[in-house]
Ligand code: HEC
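Below, in structure tokens: the form predicted alone, a single chain.
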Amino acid sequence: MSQPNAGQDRLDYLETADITEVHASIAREHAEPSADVTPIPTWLSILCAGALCWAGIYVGIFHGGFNPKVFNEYESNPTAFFPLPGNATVGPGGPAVELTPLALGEKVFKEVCASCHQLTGTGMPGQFPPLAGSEWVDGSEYNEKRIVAIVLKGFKGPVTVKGAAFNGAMPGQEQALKPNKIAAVLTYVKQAWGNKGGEISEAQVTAAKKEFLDHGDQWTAEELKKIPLDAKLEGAAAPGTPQANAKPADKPADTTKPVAEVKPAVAPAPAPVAATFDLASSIASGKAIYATTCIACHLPTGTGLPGTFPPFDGSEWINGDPRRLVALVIKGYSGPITVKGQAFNNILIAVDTQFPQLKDNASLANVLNYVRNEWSNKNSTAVTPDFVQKVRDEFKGRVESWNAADIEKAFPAAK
């Protein structure tokens, strides 16, 4: 048992020596830290706030539709804060690389045109005319106004190319491609596969857009032939020069109508109330949209091309579950698929990536109602804009295109 401290260090309350030592140890400890008297440094708060702001700006500019595979210039625009030269892209090491018109044109051709006209420029017999050696590209029917007009507004109806008859349709690219890309792809087509043409400038394409502003439909061969072979576009004398210094066009642009008011050939229909949805009007509007989007691959008859583009007429995919159909067209499809007992193995790019007008729910609903009620198809159940939006919301987290296995899992009861 401890003895009381009887020496000169004796404490007032008769503590023993061991208690005194414990108190001394406690006294040597530092005081407990307090959050109230240790705030985050001001400089660190400012640094964190700046980092959050930068992260928000970066994601807002570079989100690319939040798709890890596809950068879509219609969804994000890095050049808003980081402008690059007109034909620049990012090289493997990171810095900007200036693409020549031919290189940019080849890139655009592979992405947009090759599925119909083929990488070799030979086209498809009876449907898509060849570009290699075509008199419309580099021969007796060629004129710079004609070729630019075709790409801007599209083409429909019969045409003779290299002595062969074709009767397909080509959608216009005025809304999908910027003038510099249209100029580049035309320059590429005019110089690829043995063609001996020259360069089409961005200034010429811009001039053509103004000149043909009021031409709301696809061209026919007869209409194109009314454009004189010696007609010139602005900027033709000096490709790439500013439009202000260019030669005036044969037909002056309509200066009373600003470019900002340019409207697509088919105005997006207003979203109707589902209970009063006018299916007949939707089908009529969808027919016009089909003529500028789907007709080039699936044809006016809805029969498609064997082995390449599946038919719409009598298709179980068109006449089946509308939820599955909407999901297919908004996300795209790749790989083998069977339609009406026939095998196909191609790629369907998400339609609103190919045709920005189909980002509008009403326009997409209209064209789907058309194909579901044209030819031998008869579906009284309407696809409404609200229904399209619900399917978009349901699959908004999906970043990849569909394949057969995914479709079977997601729509097991679809027929």
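Model, not experiment: these values are computed from the prediction. A residue's number is simply how far along the shown sequence it sits, counting from 1.
Below, we turn to the form predicted in complex with this ligand, even though it does not appear here.
*Asks:* With this ligand left out here, work out from 279 to 287, 225 to 233, 197 to 205, 327 to 335 which stretch has heavy atoms within 4.5 Å of it in the predicted bound form.
*Replies:* Result for this chain: 327 to 335.
*Asks:* Check Ala176, Tyr370 and Trp375: does every one of them have a heavy atom within 4.5 Å of this ligand in the predicted bound form?
*Replies:* No, none of Ala176, Tyr370 and Trp375 comes within 4.5 Å of this ligand in the predicted bound form.
*Asks:* May I ask you to check whether Thr120 falls inside a 4.5 Å heavy atom distance of this ligand in the predicted bound form?
*Replies:* No, no contact at 4.5 Å.
*Asks:* Contact between Ala192 and this ligand in the predicted bound form at 4.5 Å, heavy atoms?
*Replies:* Contact check for Ala192: no, nothing within 4.5 Å of this ligand in the predicted bound form.
*Asks:* Give a yes/no on whether Pro171 approaches this ligand to within 4.5 Å in the predicted bound form, heavy atoms considered.
*Replies:* Residue-level check for Pro171: yes, a contact with this ligand.
*Asks:* Spell out, yes or no, whether the shortest heavy atom distance between Asn379 and this ligand in the predicted bound form is within 4.5 Å.
*Replies:* Looking in the predicted bound form, residue contacts with this ligand do not include Asn379, since no heavy atom lies within 4.5 Å.
*Asks:* Sort through Pro125, Pro306, Pro300, Gly157 and report the residue having a heavy atom within 4.5 Å of this ligand in the predicted bound form.
*Replies:* Only one option qualifies, and that one is Gly157.
*Asks:* Residue by residue through 342 to 357, which ones have a non-hydrogen atom no more than 4.5 angstroms from this ligand in the predicted bound form?
*Replies:* The stretch 342 to 357, when checked against this ligand in the predicted bound form, contributes Phe344, Asn345, Asn346, Ile347, Leu348, Val351, Gln354, Phe355 at the 4.5 Å heavy-atom cut-off.
*Asks:* Hey, the CA atoms of Asp217 and Pro356 end up closer or farther in the predicted bound form than in the shown form, with the change being 3 Å or more?
*Replies:* The answer is closer, because the C-alphas of Asp217 and Pro356 approach each other in the predicted bound form by 3 Å or more.
*Asks:* Between Val112 and Asn403, does the Cα distance in the predicted bound form come out closer or farther than in this form, changing by 3 Å or more?
*Replies:* Those two alpha carbons end up closer in the predicted bound form.
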